[in-house]
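Taking the form predicted alone, here's one chain by itself in structure tokens.
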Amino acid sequence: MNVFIKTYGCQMNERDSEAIAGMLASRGYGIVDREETADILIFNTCSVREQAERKAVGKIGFIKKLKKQRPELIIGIMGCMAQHLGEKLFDDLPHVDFVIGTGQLHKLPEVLDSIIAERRQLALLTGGEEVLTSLGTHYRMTGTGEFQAYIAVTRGCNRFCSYCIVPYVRGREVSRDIADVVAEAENLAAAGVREIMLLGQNVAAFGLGGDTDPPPEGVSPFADLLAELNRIQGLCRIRFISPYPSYFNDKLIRTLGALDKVCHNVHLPLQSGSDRILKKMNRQYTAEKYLEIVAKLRQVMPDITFSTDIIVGFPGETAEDFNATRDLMRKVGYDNAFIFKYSPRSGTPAAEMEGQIPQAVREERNQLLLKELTDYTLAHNKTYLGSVQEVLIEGPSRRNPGRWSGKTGTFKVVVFKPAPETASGDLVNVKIIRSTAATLFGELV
């Protein structure tokens, strides 16, 4: 039977989808990229923002027509929305055959066996740590020339930020053993992978047993993991996302600066530059502490670039609070930022807070931050002109197949004219001759 998987949301969902594809392929299922050729449709959903849920529900609702034409078609929902809404999805979308939450994804083959045999609706929504170590397969690594891969090292979150639904749909924080992660990375490197991205809701809390207090100085299992991965032959680059700022102690910062394969780009979520709003968000750091971490990282990696997450229009956010965010963004000088208009999520404390900000104000603040970010990145990218950058080639440019593109170790996109022998996964040197706010353009050296 053929399976089509549609993924919504974050890199963790992408990793889950790929692991599931590998798991099903190993059992004889065919993985296809078109709905029309599939016997089973699986939707891996996101619930972080309300818009993500609406998008998935709309798409799955539309599939009802296809189900009428092909009653034998099996339709399933997994991921965060499945965990959040549970069996209510059967009421809203009665043509769905199964719903699997985030803690039971590894049981998908058994669920499919049951549905194929009995043709009845089935829901699995309980939690479980087994899912973290059961999804280690990599469907795209089977001789297809892939050179980049995700590795999930933690799952769940214990931070309980007041706006966030992740702890409720992803469960409590659990970590894999270092040896397990290293073995997966070694297998990927042996298959030709040159760059890995470590994933976790709070990846820097790896190995801390779910402790909600940041580690003491001298303790950072995540730093230990990075050091082990740095030794693997064949790997060229190590990235990670997303860390919580408070977990950047001196040991982790020193390690990041000392390891030659760790990329000099850190995604460091901020959310707000106002201490008052950070406290309402239950973000357990201040703007001053955040800037201190940024300064320490710049000391050990002078060429480092930063990306971040920002929420505008959080309940009670005043013009003064918003301007504090603008000021902090200017001080850091981010190269990229995911700027979100606050979206209430039912069941979170923020959804019940007074002082909900009008949509028009949220939109205005969002657009202003986006413009200021563009102004900064345009100016910063000009500083690369004339420099030679090491680029990991990803392949032909989407906009111009005659040009190829890749990324620097600081996560800058570089577009260049390829040589006849150019191949994806190669590391090349490119001299930068032109820049925009989003892209560097250059020539092979």
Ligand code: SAH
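One-based numbering along the sequence shown. Not measured: the values here are computed from a predicted model.
Quick note: we don't show the form predicted in complex with S-adenosyl-L-homocysteine (SAH), though the next part is all about it.
Visitor: Going by heavy atom distances of 4.5 angstroms or less, which of R49, K417, H380, K59 would be at the interface with S-adenosyl-L-homocysteine (SAH) in the predicted complex?
Guide: Of the candidates R49, K417, H380, K59, R49 is the one lying within 4.5 Å of S-adenosyl-L-homocysteine (SAH) in the predicted complex.
Visitor: Exactly one residue in Y150, F240, Y163, Y290 has a non-hydrogen atom within 4.5 Å of S-adenosyl-L-homocysteine (SAH) in the predicted complex; which is it?
Guide: Selected residue: Y163.
Visitor: Can you pick the stretch from 87 to 95, 322 to 330, 335 to 343, 114 to 122 whose heavy atoms fall within 4.5 Å of S-adenosyl-L-homocysteine (SAH) in the predicted complex?
Guide: Of the options, only 335 to 343 has residues within 4.5 Å of the partner.
Visitor: Please tell me whether any heavy atom belonging to I311 falls inside 4.5 Å of a heavy atom of S-adenosyl-L-homocysteine (SAH), as the geometry stands in the predicted complex.
Guide: Yes, contact at 4.5 Å.
Visitor: Please run the contact check for H138 against S-adenosyl-L-homocysteine (SAH) in the predicted complex: heavy atoms, 4.5 angstroms, yes or no?
Guide: So H138 does not count as contacting S-adenosyl-L-homocysteine (SAH).
Visitor: If you check in the predicted complex, is H106 within 4.5 Å of S-adenosyl-L-homocysteine (SAH), heavy atoms only?
Guide: Residue-level check for H106: no, no contact with S-adenosyl-L-homocysteine (SAH).
Visitor: Can you tell me if S175 lies within 4.5 angstroms of S-adenosyl-L-homocysteine (SAH) in the predicted complex, counting non-hydrogen atoms only?
Guide: Judged by the heavy-atom cut-off of 4.5 Å, S175 is well away from S-adenosyl-L-homocysteine (SAH) in the predicted complex.
Visitor: For a quick test of understanding: in the predicted complex, does each of Q201, Q271 and R283 have a heavy atom within 4.5 Å of S-adenosyl-L-homocysteine (SAH)?
Guide: Answer is yes for this spot.
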